[in-house]
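The data below hold one chain only, encoded as structure tokens and taken in the form predicted alone.
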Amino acid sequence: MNRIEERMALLKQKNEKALITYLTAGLPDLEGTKALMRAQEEAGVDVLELGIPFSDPIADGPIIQEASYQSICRGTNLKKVFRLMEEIRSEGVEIPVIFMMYYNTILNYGIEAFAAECRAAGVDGVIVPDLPFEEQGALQAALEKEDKAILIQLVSPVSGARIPAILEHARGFVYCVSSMGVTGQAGVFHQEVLSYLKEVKAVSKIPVMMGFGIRTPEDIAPMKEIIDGAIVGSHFIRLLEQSDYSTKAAKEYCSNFKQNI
């Protein structure tokens, strides 16, 4: 098991829901990103998604798109984020970290080189929203060869009959997209979200997480008995922007959210 799987097993043992947050790498700067990562670990966040900024983030809404743009303008790139990961692991931060990124960045870096760097830098997982299940072979093989980072699978309300195949060999947790469209849609979930989540839960051998549009613990109250945790992205990015990337604000939000799920 890697860090993600270990954390999921611990949460199951303690009968707790997981809180997963999204943070754009490079904001407010690389040192500021490290400070926010430490703050979230201290607040009890279970897994951290670290967004690798990309010029055309097709799965993301305007808030994360703008955050990616601002990070790119500050000079953030994949090599620098790998160095950030090496530094923060050497400083004792053990929170499971997933890179949320687009496939073009991995192809440009080189699939084998990317997988090797994930191992060296202490990256625990990868989410690639624009990589279809049927085309994951090369990346999956490279990650398995390095035996470190795992590829997190996404499903959506229209995955339907493909869900069992997508989840057959999935590891860590399954990321359930709660709505059709992009991130940050403020709790506007798919009208059949409950039946969809129940369908995923029925076939999944790993924890089921729900993301897209979640702001508060109240947003997931109707699904609480089905899902194993929540993923908060755009709302958290906006909170950080409004607080000038305050580690105190980050800790307070995450701690309160975790306690109330």
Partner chain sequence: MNSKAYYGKFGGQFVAESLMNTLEELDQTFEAALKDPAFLEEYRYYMEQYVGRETPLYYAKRFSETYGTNIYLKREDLNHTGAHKINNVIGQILLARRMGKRKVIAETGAGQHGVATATGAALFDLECTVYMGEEDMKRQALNVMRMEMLGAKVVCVRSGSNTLKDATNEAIRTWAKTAEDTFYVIGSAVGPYPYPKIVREFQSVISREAKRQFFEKQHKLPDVVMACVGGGSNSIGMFADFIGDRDVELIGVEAAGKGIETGEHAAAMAEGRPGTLHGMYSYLLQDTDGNIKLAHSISAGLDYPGVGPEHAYLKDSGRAQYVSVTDAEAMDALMELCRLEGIIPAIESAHALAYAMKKAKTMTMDQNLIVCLSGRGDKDVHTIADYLAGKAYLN
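All values reported here derive from a predicted model rather than from experimental measurement. Residue numbers count along the first chain shown, from 1.
Omitted here: the form predicted together with its partner chain. The next part is about that form.
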Check your understanding: Within 4.5 Å of its partner chain in the model of the complex, heavy atoms considered, which of Glu91, Glu168, Glu134, Asp147?
Key -> Glu134
Study note, to complete from the structure: In this chain shown alone, the residue from Arg119, Arg162, Arg74, Arg83 with a heavy atom within 4.5 Å of its partner chain in the model of the complex is Arg162
Exercise for review: Although its partner chain is absent from this view, report whether Gly233 comes within 4.5 Å of it in the model of the complex, heavy atoms only.
Suggested key: no
Exercise for review: Spell out, yes or no, whether the shortest heavy atom distance between Pro129 and its partner chain in the model of the complex is within 4.5 Å.
Suggested key: yes
Check your understanding: With the cut-off set at 4.5 Å between non-hydrogen atoms, does Glu49 touch its partner chain in the model of the complex?
Key -> no
Point to revise | Pro57, heavy atom within 4.5 angstroms of its partner chain in the model of the complex | key: yes
Revision key, fill the gap. Given 59 to 67, 29 to 37, 198 to 206, 216 to 224, the stretch touching its partner chain in the model of the complex at heavy atoms within 4.5 Å is 59 to 67
